[in-house]
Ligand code: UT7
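Let's start with one chain on its own, the form predicted on its own, as structure tokens.
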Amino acid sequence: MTLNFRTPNQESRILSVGSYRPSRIVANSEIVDRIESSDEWIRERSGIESRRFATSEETVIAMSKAASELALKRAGVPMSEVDAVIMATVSYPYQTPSGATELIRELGNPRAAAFDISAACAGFCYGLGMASDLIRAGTAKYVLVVGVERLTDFTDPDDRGTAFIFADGAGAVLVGPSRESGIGPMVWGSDATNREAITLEPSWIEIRDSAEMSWPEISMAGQTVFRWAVYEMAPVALEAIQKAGLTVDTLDAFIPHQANLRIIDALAKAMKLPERVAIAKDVRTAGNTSAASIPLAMDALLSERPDLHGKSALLIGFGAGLVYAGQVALLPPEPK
């Protein structure tokens, strides 16, 4: 038996990007005393000079809404025409219902398909790949992909290994139909044998069952994650470039997850990226915002380099799990 349907002959691309950065700027000087460190040590270790911390009013949903509304405005597409919303986050404070369903209600289209994905720092690239496939299959015309985190809710300010790294923010892209391919094949996978390298513990059940357990907080084996990211992600990145039909010599920009400036520089060196390739280094003033970092960095890079609108960019995310995903995409055209 054969199903009687026809797949539309269409491709997908990123139509716009929007971002939201919390109002509070936190310099290294505000963090160093509690972790017995220094501004120089933090900069040398991570490249981070400052980061953004959300206020009580800047919730996961409030930040997501602001970033999404900007992306929709720039694309000239009303929320009523969006068929699905994918929210990548690990810091929405409810197990269920999803943050995406709260977001679509706030955006004024409560009947759109909506779901969250938990892939940490790779979440945005996972969502972008899913959105592209939904559009190419004819399941949706427009898909909003949101990466958002309030990691400060789950960060121990006294933990020397993480207190200076994590931050808050939101980024969103609108993905829609295109006559030509604008999003390349996704290269994704996991190294779950090392999933304990980044954790959020204790579990809710442990908290429930023990009077001694406290609020869950992020912990990370920094050196393990650093080595994995540097040595394992460069081949993944090169595979994504190759599957998109490009080479490092024809690539225009590199927008990796903003984990650490040393990781970004090491990846660029390992891939032998030409000096002319623009590299996003938003981590310097944004910190590590996990699922939000790539769309935040994309918007910042386009603000600094408007000539990159419509050009090719390698996107790659990697983090807790250990999971990863990457693809080459055409950056959105100039806003309408």
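As the structure is a prediction and not an experimental result, all values here were calculated from the model. Residue positions are given as counts along the sequence shown, with the first one as 1.
Just so you know, the form predicted in complex with oxa(dethia)-CoA (UT7) exists too; it's not on screen, but the next bit is about it.
Residues 36, 225 and 288 are all found to lie within 4.5 Å of oxa(dethia)-CoA (UT7) in the predicted complex, as judged by heavy atom distances. Shown alone here, residue 45 lies within 4.5 Å of oxa(dethia)-CoA (UT7) in the predicted complex, counting heavy atoms only. Taking the partner from the other structure, oxa(dethia)-CoA (UT7) in the predicted complex has a heavy atom within 4.5 Å of a heavy atom of residue 166. Mapping the unseen interface onto this chain, residue 262 counts among the residues with a heavy atom inside 4.5 Å of oxa(dethia)-CoA (UT7) in the predicted complex.
Proximity of residue 319 to oxa(dethia)-CoA (UT7) in the predicted complex: non-hydrogen atoms within 4.5 Å are present. This chain appears without its partner; in the predicted complex, the one residue of 185, 202, 177, 161 with a heavy atom within 4.5 Å of oxa(dethia)-CoA (UT7) is 161.
Here is the short version: of 198, 131, 237, 244, the single residue with a heavy atom within 4.5 Å of oxa(dethia)-CoA (UT7) in the predicted complex is 198. Residues placing heavy atoms within 4.5 Å of oxa(dethia)-CoA (UT7) in the predicted complex fall in a single listed stretch, namely 253-261, out of 100-108, 86-94, 253-261, 71-79.
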